[in-house]
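Presented as structure tokens, the chain that follows is alone, the form predicted on its own.
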């Protein structure tokens, strides 16, 4: 069942429509309101709850070969009219000086509502806290658990795009972000086990917790923290690695998602987060991974964290292959970046991924749901194919160079694999590689039974900075001959 709710902007729509300026080539007004709540229980004590509301509108104007932006939280007639005038002035000032002179040829009409079976607003604050108190208590499995937290963040985002051509796009997104961790200590050793390191997130209401086994996992996380405390360090050497979905999402995010962002390839992120080892001439021919690697951009998956019907420029979101049978096919580039690439003589199809984190930021190329498509191997098959290796779960830390190529990732939880059998738990497992060759070492891709649709709620990019949610789905995957190392004794 999908529950629909009234949009926060309904009473504002006539005023927003009236704010669109005349006498320009093209203009849009994009309204956004975010309502957020954060609740946490730490070691049996409920922390002060926090709530926030943030609303405003961005007006974008194209005129005479220039483009201008102006945002305002003053949603009165005067505030919107002043923003429209500022955007028009900037458009005329930048005429002939902007990197993209042609307005997007879209006049979008449509809507998107997150699927919600159990709205949080139907659960009282006392009941929400009781759920967290129960999970926090379940983490406390041993006297060596010295810190523990169960928390819940949720956001409701209402947005509306109105262009001068008469289109209308309404999107109501409901996100749920549960988190937990347990920290264990004995002498000089401390280990922390988390609930997927913020990966078990998605669109929906109360049902998202059930989707990822929130209450069931609490006691398991406590026991796994103790296991890590008592475990040996991960061995060092060249071996096979089998990555669980909650580690694969970090691997996808950093070494596929960011390198394929077209604005980064065109040089936009050099001052902030670097460039990319990918160049425009690679698309269509470059072998990114083994034949087993198939990666899609797919904002249409129900309940995944970065699903939507339209991007923030109004382009219709559809599933597209980025990498097919290991060959790089298309970048993560919206309509403006595609036009910029064409200006450099490269006509390339991108995707609907121009996204803004809020009303006071213009949209830029961002990941949405970037997914590795399932293969045919069962989990047992993937493990059976390893003579010596390690099974790794849950990212703990990451480091990657400015071109998104050389990387080093650490995980929370590992298990040795010997002669096709899972063995003991190891702590502080890490591995390193080079994006341009790592994916070619892919030797096994799990079937749908091994796959999970997870997310990353805190991806930062852009100047000024924008923090946004991305989704990643992946099966368990096996890679051969990887440089693995452990922590200090």
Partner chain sequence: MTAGDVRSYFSELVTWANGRLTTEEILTCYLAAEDSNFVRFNRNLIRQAGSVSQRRLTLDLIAGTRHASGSLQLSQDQDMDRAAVASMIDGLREQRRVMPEDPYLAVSTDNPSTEQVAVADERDPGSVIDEIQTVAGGRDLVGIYAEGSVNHGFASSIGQQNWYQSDTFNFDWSFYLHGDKAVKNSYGGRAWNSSAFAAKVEAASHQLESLARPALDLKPGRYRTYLSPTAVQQLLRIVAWGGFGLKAHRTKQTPLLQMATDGAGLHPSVRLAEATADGTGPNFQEQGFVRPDEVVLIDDGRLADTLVSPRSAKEYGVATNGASNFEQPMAMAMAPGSLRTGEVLDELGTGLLVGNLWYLNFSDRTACRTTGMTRFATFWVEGGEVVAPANVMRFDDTIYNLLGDELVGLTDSTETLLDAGTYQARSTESARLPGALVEEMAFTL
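What you see is a predicted model, and the numbers here were worked out from it, not measured in a lab. Residue numbers count along the first chain shown, from 1.
The same protein also exists as the form predicted together with its partner chain; that form is not shown, yet it is the one meant from here on.
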query	finding
Stretch from 210-218, 187-195, 172-180, 295-303 whose residues place a heavy atom within 4.5 Å of its partner chain in the model of the complex	187-195
Contact test in the model of the complex: residue 18 vs its partner chain, heavy atoms, 4.5 Å	no
Contact flag, residue 284 vs its partner chain in the model of the complex, heavy atom cut 4.5 Å	no
Residue 100 within 4.5 Å of its partner chain in the model of the complex, heavy atoms	yes
Close approach of residue 406 to its partner chain in the model of the complex, 4.5 Å, heavy atom	yes
Its partner chain in the model of the complex reached by all of 72, 364 and 466, non-hydrogen atom within 4.5 Å	yes
Sole residue of 94, 376, 123, 388 within 4.5 Å of its partner chain in the model of the complex, by heavy atom	94
Its partner chain: the contacting residue among 381, 230, 107, 402 in the model of the complex [heavy atom, 4.5 Å]	402
Interface residues of 283-311 toward its partner chain, as seen in the model of the complex [heavy atoms, 4.5 Å]	none
